[in-house]
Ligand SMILES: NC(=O)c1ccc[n+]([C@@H]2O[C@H](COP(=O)([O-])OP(=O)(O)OC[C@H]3O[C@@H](n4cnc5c(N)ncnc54)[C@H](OP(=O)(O)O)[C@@H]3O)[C@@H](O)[C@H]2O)c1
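Only one chain is given next, in structure tokens, and it is the form predicted on its own.
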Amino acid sequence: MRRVKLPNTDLEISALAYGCMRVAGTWNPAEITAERDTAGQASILAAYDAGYTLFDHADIYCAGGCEEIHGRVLKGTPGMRREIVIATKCGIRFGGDPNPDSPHRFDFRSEHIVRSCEKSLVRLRTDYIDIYQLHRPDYLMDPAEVAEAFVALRDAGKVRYFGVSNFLPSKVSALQRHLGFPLVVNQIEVHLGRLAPFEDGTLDQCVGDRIAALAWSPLAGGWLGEGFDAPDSDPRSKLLRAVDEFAALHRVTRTEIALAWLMQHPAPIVPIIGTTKPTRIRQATKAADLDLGREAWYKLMVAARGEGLP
């Protein structure tokens, strides 16, 4: 698979990332059976064998269970850790943590960031995390306190690079002003069905500040991929017809067109593939070598907008 240089780092990563959110097959760690564990490990290995080098995690994915599954893969696959880039996230706390009446909330306190990172390191069975991200903006974020945690983790050799997830440009800038090193990624929802990052300054900032955009749900939860049929009354039908036309022209699938469209952006945009099916994991890699051209890119943008450009 084609690789890209991650801006502001010494990391060369695959043009597609593998998202590990579903590898446990459940969000309840008590439900991780031996069969689910084996299937989850097989999904990660399928991505590794297909050329994916960036693996995306978060501490809330099955309450850490997904990280544990990947940790077992690393233990059983000598040399894998040196060849891959591990990204994980912290900052979301579900209701009931730590007390029964504790609300669902976000937590960017320094002590929570550091403690969360150390727990992820144990679950992943690794000495360091390549990219550590804040998962969703904390309304009570103190950039100076976050910077304190980031510096401590970096100086301890526990994290190489830092990023954010679901941040608008104003919050990225507020945090960046307190760091002595660059944020390297912003993980956002962007796809042909969600164009806001093209308009709200998010992708402009990524290009200007050399921050890679990791695109979660790049197939819009699946409706941009194969198997979804929208009736003419559905506003998505015109977009899907346009995608299908280009898929037929290039003799590829909807998935490949939708992913290639994202990867044409100079940010760069790195789509995160979340399927656990080996055939689809491998299929998605074909998009990395597909060049749509500027005119085709804009035709799909217009179809996605549902109206002409200004």
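Start at 1 with the first residue shown and count on from there. Computed from a predicted structure; not experimentally measured.
This next part talks about the form predicted in complex with the ligand, which is not shown.
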property	result
Contact flag, R280 vs the ligand in the predicted bound form, heavy atom cut 4.5 Å	yes
M301: touches the ligand in the predicted bound form, heavy atom cutoff 4.5 angstroms	no
Non-hydrogen atom contact I273 with the ligand in the predicted bound form at 4.5 angstroms	yes
Heavy atom of D56 within 4.5 Å of the ligand in the predicted bound form	yes
Answer range among 168 to 176, 200 to 208, 221 to 229, 235 to 243 for contact with the ligand, defined in the predicted bound form as heavy atoms within 4.5 Å	221 to 229
Position in contact with the ligand when the complex is considered in the predicted bound form, options R93, R160, R123, H135, heavy atoms within 4.5 Å	H135
Residues of stretch 243 to 266 in contact with the ligand in the predicted bound form (4.5 Å, non-hydrogen atom)	T255
